[in-house]
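Single chain ahead, by itself, as structure tokens, in the form predicted alone.
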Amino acid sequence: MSQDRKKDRLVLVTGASGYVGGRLVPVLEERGERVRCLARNPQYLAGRFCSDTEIVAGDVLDRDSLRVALEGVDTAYYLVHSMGSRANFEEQDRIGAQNFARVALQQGVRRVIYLGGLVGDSQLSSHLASRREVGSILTSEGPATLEFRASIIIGSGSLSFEMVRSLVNKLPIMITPSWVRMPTQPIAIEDVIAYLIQGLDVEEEGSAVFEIGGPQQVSYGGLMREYARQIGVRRLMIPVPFLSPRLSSLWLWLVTPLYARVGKKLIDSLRNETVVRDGGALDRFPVRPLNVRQAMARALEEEDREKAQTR
């Protein structure tokens, strides 16, 4: 892309009030990008970003609002999902992705960048199946799409980190079901943002999928042990072959009610391995992700800072 086009391009961020979007926008601003944010409730973003950043009201379920939000946009980040909804989140995600893809194509958007989930070939949870379906819709019905697929994201304020922190802080003894031992490949939020930023300028013809993760495979239980080690406490974990995701979600309601509704869907996803099988992202991008110990330490360093409030 020419330097003139880079200077003049407009970047749209959906999900700017969410955890990843809230971290992404300030980095785009620091780079000097022209940024527009789409928000269902613009008042929630008041004062959070630079005065030059444009905030427009809209919803991916409302095509008319998307036509306004996507006008003149070069690159659009799709960072919305309905997992926290009490309604049928799969259907809402499907409709939202279809609306966004079709309107983005009509408005001449050059590229869509989407953050999805690492998925395998086994029977997927409803959450991971929906993440994969959204990526397929954006690719097949919209402009050229770069899809980054990630497992657990480690960072202050992220759902996974806050669940780990809450469980370890509250439970000196844990009866751990099988899903706690399922392999994942966590990645630091800083590295996720770095990949998303690199997606702006990477030379790529058409659409592409990149699996991203840290250098280690570790279970949810492994994350709990690492967190306990870093805060200097001892925790006993007793593995058991029972405790289904449904029973585990009831336990979650008792221990971490703040995260229980979304956490239930996250736990359901942990029956699937979420590990990187294609390491092409390391060849294509200059990002070298932090390991679990480094990522956890960074999350603890940031926990009292303002950006820990992005969720």
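Throughout, we count residues from 1 along the sequence that is shown. Being a predicted model, the structure only gives us computed values, none of them experimental.
Below, we refer to the form predicted together with a small molecule, which is not included among the displayed structures.
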Practice problem: Report yes if any heavy atom of E54 sits within 4.5 Å of a heavy atom of the small molecule in the model of the complex; otherwise report no. | Solution: no
* Heavy atom to heavy atom, is Q43 within 4.5 Å of the small molecule in the model of the complex? -> no
Exercise for the section: Mark T145 yes when one of its heavy atoms lies within 4.5 Å of a heavy atom of the small molecule in the model of the complex, and no otherwise. Expected result: no
message: Quick check on L38: any heavy atom within 4.5 Å of the small molecule in the model of the complex?
response: yes
None of L79, V180, V109, V164 but one has a heavy atom within 4.5 Å of the small molecule in the model of the complex; the exception is L79
Checked S160, T139, T75, T184 for heavy atoms within 4.5 Å of the small molecule in the model of the complex; positive is S160
Given 224-232, 201-209, 149-157, 67-75, the stretch touching the small molecule in the model of the complex at heavy atoms within 4.5 Å is 149-157
